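Two versions of one and the same chain are coming, encoded as structure tokens; call them structure 1 and structure 2.
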Structure 1
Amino acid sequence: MTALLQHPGYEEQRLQRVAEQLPCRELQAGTLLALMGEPQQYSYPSIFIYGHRASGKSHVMDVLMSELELPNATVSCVECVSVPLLFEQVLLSFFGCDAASLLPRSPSLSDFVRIYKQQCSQSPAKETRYIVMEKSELLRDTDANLLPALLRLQELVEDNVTVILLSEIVWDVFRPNTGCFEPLLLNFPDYSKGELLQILSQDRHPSYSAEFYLSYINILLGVFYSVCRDLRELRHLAALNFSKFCEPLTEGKAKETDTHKLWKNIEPHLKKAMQTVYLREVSSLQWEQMQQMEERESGAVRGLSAHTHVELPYYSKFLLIAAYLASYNPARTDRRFFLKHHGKIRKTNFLKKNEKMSNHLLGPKPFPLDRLLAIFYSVVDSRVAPTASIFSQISSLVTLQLLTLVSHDDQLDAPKYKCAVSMDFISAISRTVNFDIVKYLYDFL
């Protein structure tokens, strides 16, 4: 295991410690160390590391930098909302606060390089300095010159500095259109199922045996592996559901070796977790509370999406229903649905539709206000006067983002709307007013 991490430039003890902290990432760490070389040697100007989320990119860099005590500036591009912040952090961690305070009020790249050079001539690098940029995909959205400049920073500041970019996205979409200094690409592959098992089983509970925890992780992966390979997410789920898994043991209903019994107990629970905790419908805290209150069935607590049900005034409900019908039905079918004495429409002609045209696949279509009102009067049983309150309800539906205004060119004269609610939502609303919406939807005929 430690055989892979050997390097003449670093102490063996430290490498040992690094290897212990990086399970299943020895190969990548070894390659990286080999590329970095001995501390006083030059390293490649820029290294681009890509891999899926939670494949240990930041962790490997973190461990290497801290254990080997390399001079480094680790910067998260999310935090650096503006470029000056980035400069300040880099100078701060390389040369201390004096250097960072030298930066003028709104520093340009030129200022940064000038101050870096100046500081560097005072304290030249004995070892390679590393700038680690996490979430570097955000660099594309900043100043267009920043990324090319960072990639050739070694040349610009004439110092032994290496920029390491970490990202989830492949390099191909980073490349600026006039090209740049190409970085060295390094892939961190995903963890295989065996590796996930190995890593997850490391944080087992001390009061249970290793095999017991391993069998738990195995069941967990059996449920979640086909959906999620994110180590962090899996670890979180493992931590959340373990108490439920141990329940039969504490109650004395099963022994550690009754794998099947334990599986039968936990599997539906985990399936439910996928629909709730995994989607953050129910927060982790709520989920833990639910597990403690055993009598209540888990999932009985209403999730976030259940709260989307809103109380609306009576006419607003009908307006929304009318908007939904207008959005999802073709206009040519309105006669058939909403007119009492419509002329003869041949059934074959009427039902001629192909799947591609289904609006529930394509999304809502915009409709004019007149059509909305016409459908509204037809679906509401009583006579409604077109008062100001009706029109203000329409605009308040827009502000609630249940409707969206499509074209902004004309506010008053014939505005067009779209309905932005889901099928479930509108069925719930129409149930409250005893309106059978499915009967009026063209797609479901």
Structure 2
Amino acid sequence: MTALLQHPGYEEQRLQRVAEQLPCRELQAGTLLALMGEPQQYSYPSIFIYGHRASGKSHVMDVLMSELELPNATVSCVECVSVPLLFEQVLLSFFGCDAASLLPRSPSLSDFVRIYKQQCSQSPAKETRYIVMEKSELLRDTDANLLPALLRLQELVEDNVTVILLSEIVWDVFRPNTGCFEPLLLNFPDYSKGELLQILSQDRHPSYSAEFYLSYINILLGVFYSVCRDLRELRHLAALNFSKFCEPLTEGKAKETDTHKLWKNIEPHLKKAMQTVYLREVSSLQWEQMQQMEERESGAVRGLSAHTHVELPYYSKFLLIAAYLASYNPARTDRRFFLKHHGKIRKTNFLKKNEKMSNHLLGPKPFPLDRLLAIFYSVVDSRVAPTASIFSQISSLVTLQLLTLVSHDDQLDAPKYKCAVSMDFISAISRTVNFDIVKYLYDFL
């Protein structure tokens, strides 16, 4: 698709190398080259490029700057935690260490402009200089005059310089309230499913055919595309689960054409990986080790990802245990299980005539917050003060969908919850904290 990257100011071979490194982004790269113009020409003062995460913004800029050998200063607004670091990085990239050392200890914008103009008079630009600002939405939290100055820096320093802002938010949200010079806008849309298939299929393993890896990527996108369009996350998931997809081949149980058998083998692992999309709480090596550990565990724990109970905080585990007990034990039995001097109480005293079915068959029942905390303080080993941390961990369990908030919006003073985990899940959680939950369940008396 080099026709989209034809430009009179650059060699055709260089444009060919650029196109090879930018699959499915030739159109955006061609538009950007047209806005930038020829190297010796004055470019537009500022360009604003926006699009969702992992839509190719930084990659396109890196390839253009490196392959076309354009003078540039690429600045990450995450790494440059202060404005002086930003000024130093720009001067260092364009004029060297001597220019950066001229900055005072706490430089202002006028200091930066003055030193930049001095250096320009000594070494004027032979072609356009580019300042690429990654994660530029963070500039909104800096001094009010910085962003407007960067957008018209070409006018302030009287140099052939263009500022390119890369952002994940649209310009209408980005624009300062005080008004500023309007940059040229360029949108990078999300990759379509076909484009993701084309890009991810280029990462195929050399030991397997292109058709085999393409079928794997098709299966992966069929599972994850509805919830994740992030190229980097999908690439991570593809590398993480490919060994499981190839497992029947290495064991000699299937061939590359046995798509149904391969799908049946990889399906449960992809469902587990669905729970960790975007979280990245463990590395690829740790994930593989935990998968192997799960396979060695008993059948009762096999349905539970080891990642789930390893990563929960200590008190969150006891909160989840308390929530399970509150959901599956009748409230009148709390005295029997959690009060030390309750006397002898037989189970028949609790049992009503119509209470013949197991609570686990009936499903979890809602419980108020005060009952959850009362059980929690009874089962936890050490004394825990009712701090805000405990309440925030309850909110985290709701966010993780391990607890469900069932009270109405108007019941602000007495929220009610239900436990949303299975018996196998809570048994595995209990073992990690050496808590025998069966002794505290009414159904197992």
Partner chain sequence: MMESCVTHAPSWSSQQMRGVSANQMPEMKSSQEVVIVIIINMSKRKVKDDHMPVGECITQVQSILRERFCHQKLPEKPQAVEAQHKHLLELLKRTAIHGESNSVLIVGPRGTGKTMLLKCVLRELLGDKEVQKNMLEVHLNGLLQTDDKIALKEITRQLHLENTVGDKVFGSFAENLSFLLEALKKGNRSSSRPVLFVLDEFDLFALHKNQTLLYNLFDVSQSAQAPIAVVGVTCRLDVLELLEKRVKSRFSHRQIHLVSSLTFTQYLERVRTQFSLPGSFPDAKFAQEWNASVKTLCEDKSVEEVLQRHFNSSKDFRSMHMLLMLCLSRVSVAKPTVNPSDLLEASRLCLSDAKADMLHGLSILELCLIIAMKHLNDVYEGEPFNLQMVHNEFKKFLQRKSNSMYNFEQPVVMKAFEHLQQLELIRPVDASSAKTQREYQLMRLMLDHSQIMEALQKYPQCPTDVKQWAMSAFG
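Think of the rigid core as the biggest set of C-alphas that the two forms share within 1.5 Å after superposition. Please read these numbers as outputs of a predicted model, since none were measured by experiment. Residue 1 is the first residue of structure 1, and the numbers go on in sequence order from there.
Visitor: Which of these two, 1 or 2, is the form predicted in complex with its partner chain?
Guide: Looking at both, the form predicted in complex with its partner chain is number 1.
Visitor: Inspect the rigid-core superposition and answer whether the C-alpha of residue 423 shifts by 2 angstroms or more between structure 1 and structure 2.
Guide: Superposed on the core, residue 423 moves its C-alpha 2 Å or more between structure 1 and structure 2.
Visitor: Would you say residue 433 moves between structure 1 and structure 2, meaning its CA shifts by 2 Å or more once the core is fitted?
Guide: Result for residue 433: yes, a 2 Å-plus shift.
Visitor: Core superposed first: is there a CA shift of 2 Å or greater at residue 370 between structure 1 and structure 2?
Guide: Comparing forms between structure 1 and structure 2, the residue 370 CA shifts at least 2 Å.
Visitor: Core-aligned, what does the C-alpha of residue 319 shift between structure 1 and structure 2, expressed in angstrom?
Guide: A shift of 12.2 Å at the C-alpha.
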